[in-house]
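This text opens with one protein chain seen in two forms, each one given by itself as structure tokens under the names structure 1 and structure 2.
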Structure 1
């Protein structure tokens, strides 16, 4: 059952990215480029469309003892802000700002193909590998 819920959630997320055109790096970069005069606020609406249902879902979940699918509700991995979190957030933000693609939309954008998307996904997986090798030093 958990696998089906995960599959459905992933498909729904990917479909939302496609319908909202958030798999287009130019649209994301236009949202991030507030100084150019050609700012595109649509990503803000997409984020609001995701945050509002999550607020409702968390309020409902707070009243439950156990989740519908799973043994327990996930909690934060760590309550502290550390070097690993800051470095990871900065790297993610820099990559997203420079290219306009983050991992979820990158996987979804594979459906439309193109060399830039394939190159990004290949580099993303290379980054995962390098991060796993360097994790002990952080």
Structure 2
């Protein structure tokens, strides 16, 4: 049941990225490039549309003891706003602004994006690995 829900959640999430066209890096760049004169606000509407159901979901989660087919809900966000968080977010932002691709759309586009997307995803996993090695020093 848990696994079926995971698969279905992934399908919904991926369909949302396709329907909203956020799997097209050009659309993402058209939002990030606020000075282009042809600014495309779509990504803002996508974020708003995605945050709304999640606000409700967190409210429901707060009233329940445990998830329908899991052990427990995720605890409160741990840690403070520290150097690691800011450094990581800034690095992620730099990469995202450069190519307009982030992890969700990258993986969703794997079956239609050909070699360029495959290369991006391979390098992204290499980045995950490097981060796991450097985590203790940051």
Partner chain sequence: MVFNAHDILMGLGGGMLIGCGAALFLLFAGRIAGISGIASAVARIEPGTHYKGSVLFLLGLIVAPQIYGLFHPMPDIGVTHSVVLLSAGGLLVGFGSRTGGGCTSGHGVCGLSRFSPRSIAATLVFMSIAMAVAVFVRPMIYG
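As the structure is a computational prediction, the values presented were derived from the model and not from experiment. Residue numbers count along the first chain shown, from 1. The term rigid core refers to the most C-alpha atoms you can superpose between the two forms while keeping them within 1.5 Å.
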Item to complete: Would you check which of the pair is the form predicted in complex with the partner chain?
Response: 2
Item to complete: Indicate whether residue 110 shows a C-alpha shift of 2 Å or more between the two structures, with the rigid core used for the fit.
Response: no
Worksheet item: For residue 26, is the C-alpha shift between the two structures 2 Å or more after core superposition?
Response: no
